[in-house]
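One chain comes next, on its own, written as structure tokens: the form predicted on its own.
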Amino acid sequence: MLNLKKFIAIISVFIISGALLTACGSSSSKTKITVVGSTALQPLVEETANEYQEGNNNVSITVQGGGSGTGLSQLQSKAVTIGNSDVFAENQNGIDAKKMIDHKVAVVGMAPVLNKSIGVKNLSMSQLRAIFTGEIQNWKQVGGKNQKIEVINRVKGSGTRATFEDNVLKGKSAIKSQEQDSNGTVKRIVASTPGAISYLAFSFIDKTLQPVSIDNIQPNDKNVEDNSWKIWSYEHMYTNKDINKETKKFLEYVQSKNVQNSLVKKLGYISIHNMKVTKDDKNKIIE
């Protein structure tokens, strides 16, 4: 027969264990949300997810990159909860956009970036197009040093590449060159390769690179908001139509004034609430 001290000890263990389970939430009881896609959007979603989970321990959110094409295709096959994309689903081959819901959560500007040794800070749009189509192959042709141009492109399926080609190449084909699958890798290669040029989301551009103005218009948030700077896109978080309430709450949080005025700006994106124009899936400004 248990004495009184042992009885109290056993009861205490049960009470403490129960309290811990309640406080932490059982992993099996949590709603799991998996987010895959655009590497340009990945930093914002990762930080927002971490912040959201601090106050919502009934939800477990996993965020991965992979590119816009991967995000949309995995959403379509229902392998993930949310597909991140820099491009409208209507413009992605093999994707049935009618079966998806578009949640726009931010705007991202994109700019040409150079290795800092080149000595060029401004290009005309026609010069930029000629560089990426291979018509101009040396920096001295556009005011830089006598050095071969090394074009670094993004892989097909990249939303950043689709946005750049829509706004710059205007139907022409890019020169065959090295291709990379993420903003982070492009940043490292351009910073360390003499003669290199590529393009990046504003959120990835720092002092290791030389961003380039186009026709003397600087790549900054203000110029994106009124469309003076043309190379920009929405950051979409697509879901299937049978969205559950926890996923809906998380998406509403990403779109809230709190996140739009804090993390969105801190990480180099542009708030959807600040845009003075609207763009449709045909890249046409509609207001």
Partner chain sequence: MEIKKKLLMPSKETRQDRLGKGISYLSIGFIILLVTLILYFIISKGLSTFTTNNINILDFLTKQDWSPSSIGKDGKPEVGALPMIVTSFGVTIFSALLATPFAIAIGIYMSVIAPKRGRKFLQIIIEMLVGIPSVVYGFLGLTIIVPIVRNIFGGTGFGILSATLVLFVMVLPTITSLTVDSLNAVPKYLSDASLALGATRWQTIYKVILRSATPGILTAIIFGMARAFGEALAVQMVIGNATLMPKSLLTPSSTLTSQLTTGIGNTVMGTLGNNALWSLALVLLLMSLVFNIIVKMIGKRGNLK
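Residue numbers count along the first chain shown, from 1. Because the structure is predicted, anything quoted here is derived from the model rather than measured.
Omitted from view is the form predicted together with the partner chain, to which the following refers.
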query	finding
Contact flag, K172 vs the partner chain in the predicted bound form, heavy atom cut 4.5 Å	no
G67 within 4.5 Å of the partner chain in the predicted bound form, heavy atoms	yes
Contact label in the predicted bound form: K116 to the partner chain, heavy atom within 4.5 Å	no
Proximity of Q92 to the partner chain in the predicted bound form, heavy atoms at 4.5 Å	yes
Answer range among 205-213, 104-112, 117-125, 151-159 for contact with the partner chain, defined in the predicted bound form as heavy atoms within 4.5 Å	151-159
The unique member of K176, K99, K145, K78 whose heavy atoms fall within 4.5 Å of the partner chain in the predicted bound form	K176
Contact test, all of S73, I189 and S192, partner the partner chain in the predicted bound form, heavy atom 4.5 Å	yes
